[in-house]
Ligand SMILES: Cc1cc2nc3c(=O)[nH]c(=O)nc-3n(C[C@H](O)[C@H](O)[C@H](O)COP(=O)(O)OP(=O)(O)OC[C@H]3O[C@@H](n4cnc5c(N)ncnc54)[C@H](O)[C@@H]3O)c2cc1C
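Before any questions on how it binds or moves, here is one chain, the form predicted alone, in structure tokens.
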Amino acid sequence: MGEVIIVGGGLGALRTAESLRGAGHSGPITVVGDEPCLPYNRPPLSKDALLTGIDMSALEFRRRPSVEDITWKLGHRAIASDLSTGTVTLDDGTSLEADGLVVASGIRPRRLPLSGPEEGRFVLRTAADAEQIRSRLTPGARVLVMGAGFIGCELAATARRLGCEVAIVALDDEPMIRPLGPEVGAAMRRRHERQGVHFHLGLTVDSFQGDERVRSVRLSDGSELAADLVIEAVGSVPNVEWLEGNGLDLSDGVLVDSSMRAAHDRMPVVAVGDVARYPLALFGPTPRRIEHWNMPTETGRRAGHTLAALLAGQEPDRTPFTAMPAFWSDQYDHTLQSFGMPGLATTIEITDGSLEEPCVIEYHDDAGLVGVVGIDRTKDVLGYRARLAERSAS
């Protein structure tokens, strides 16, 4: 049946392994993960888990009995690959050989090349990152968050709930402006301001000030803000360097088709989760990386069946990929729930409630409804899944 290597130890890796077994692949599967732990739930790291403390037993995903026989090679990172020989090289010098490859190596936080001390600068991606940040979120600590996306705003809300003083610095005009739009972003900014968060928008951090550790940051307007710790939440970078030299399109993650297969002649390669860039039929032919919480599961299911078919000498399912992106965000006592891709909208409409209260916001493009966001209206947006799925027939 052929041996499969899965590079990446997150949810996408787990779901792909389960899908491989479910599709009848009985050959050896080895999962390489750079963290020392089995796949776990990451979204709580900026919210509940950060607030109450990191409990890996609560975060770890339950694994199906079908994957009890796979090999987990944890605490190791892939540093190179040669698809012409089917080998993957790890950071300890080990070389693994396989007949099929799953790219599930995910993303890492973007770090800006700024001058100044490194001590006191943090990012949030792993449980270890969260542990480091949590130990410093003490009452009265001055926390500066770089970036006003969902991660940055969730971190700000958690830090405020822990009694920290919080400032957000971002080049954007409003927080979460790309997925939500300026009006909804402004409404969320006002919610944060009522909780005591100070925004410095339209600005960037030019440098970090301090001797051995960060004591303050200098902004692009020349002003200076005191900081006991800085959390950088300014975007992500796909982990694809280990795939260079194999002729794959790595311009923004790994380009794959609707079956999650990357173009390569020597061996079957599929990619899943945040590192994969694929066409999503509901929203046009343009391939996109979608960092929504449910997409590692959706892409993993498709990729596992694709790879099982290819290893068995069969043709994979090449029907359009029509998974529905979804995300949620908890900030203070507010919950945002979304379906679709509101960031693609050209117009928005508040269909129920008002932006200062619980509300439902519809997002439209030229083809119609492209996304929905509910603020404290989770149940009311569930029905939009069916309406958004109708785009596939248009």
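The first residue of the shown sequence is 1; numbering continues from there. Keep in mind that this is a model prediction, so the values were computed, not measured.
Just so it is clear, the following notes concern the form predicted in complex with the named molecule, a form of the same protein that is not shown.
J.: At the 4.5 Å heavy atom threshold, is Glu154 in contact with the named molecule in the predicted bound form?
T.: Yes - in the predicted bound form, heavy atoms of Glu154 and the named molecule come within 4.5 Å of each other.
J.: With the partner left out of view, is Ala326 within 4.5 angstroms of the named molecule in the predicted bound form by any non-hydrogen atom?
T.: Close contact exists here: in the predicted bound form, Ala326 approaches the named molecule to within 4.5 Å, heavy atoms only.
J.: Report whether the minimum heavy atom distance between Glu298 and the named molecule in the predicted bound form is within 4.5 Å.
T.: Judged by the heavy-atom cut-off of 4.5 Å, Glu298 is well away from the named molecule in the predicted bound form.
J.: Is Gly353 close to the named molecule in the predicted bound form, meaning a heavy atom pair under 4.5 Å apart or at it?
T.: Contact check for Gly353: no, nothing within 4.5 Å of the named molecule in the predicted bound form.
J.: Kindly indicate whether Glu35, Arg125 and Trp242 are, all three, within 4.5 angstroms of the named molecule in the predicted bound form, using heavy atoms.
T.: Contact check passed for all of Glu35, Arg125 and Trp242.
J.: Can you check 182 to 190, 219 to 227, 234 to 242, 140 to 148 and let me know which stretch has heavy atoms within 4.5 Å of the named molecule in the predicted bound form?
T.: Heavy atoms within 4.5 Å of the named molecule in the predicted bound form occur in 234 to 242.
J.: Let me know the one among Arg77, Arg277, Arg121, Arg215 whose heavy atoms come within 4.5 Å of the named molecule in the predicted bound form, would you?
T.: When the named molecule is considered in the predicted bound form, the option within 4.5 Å is Arg77.
J.: Identify which of Ile29, Met341, Ile361, Leu45 has a heavy atom within 4.5 Å of the named molecule in the predicted bound form; exactly one of them does.
T.: Spelling it out, the residue with a heavy atom inside the cut-off is Leu45.
J.: Do any residues of 102 to 120 have a non-hydrogen atom within 4.5 angstroms of the named molecule in the predicted bound form? If so, which ones, in sequence order?
T.: Contacting residues: Ala104, Ser105, Gly106, Ile107.
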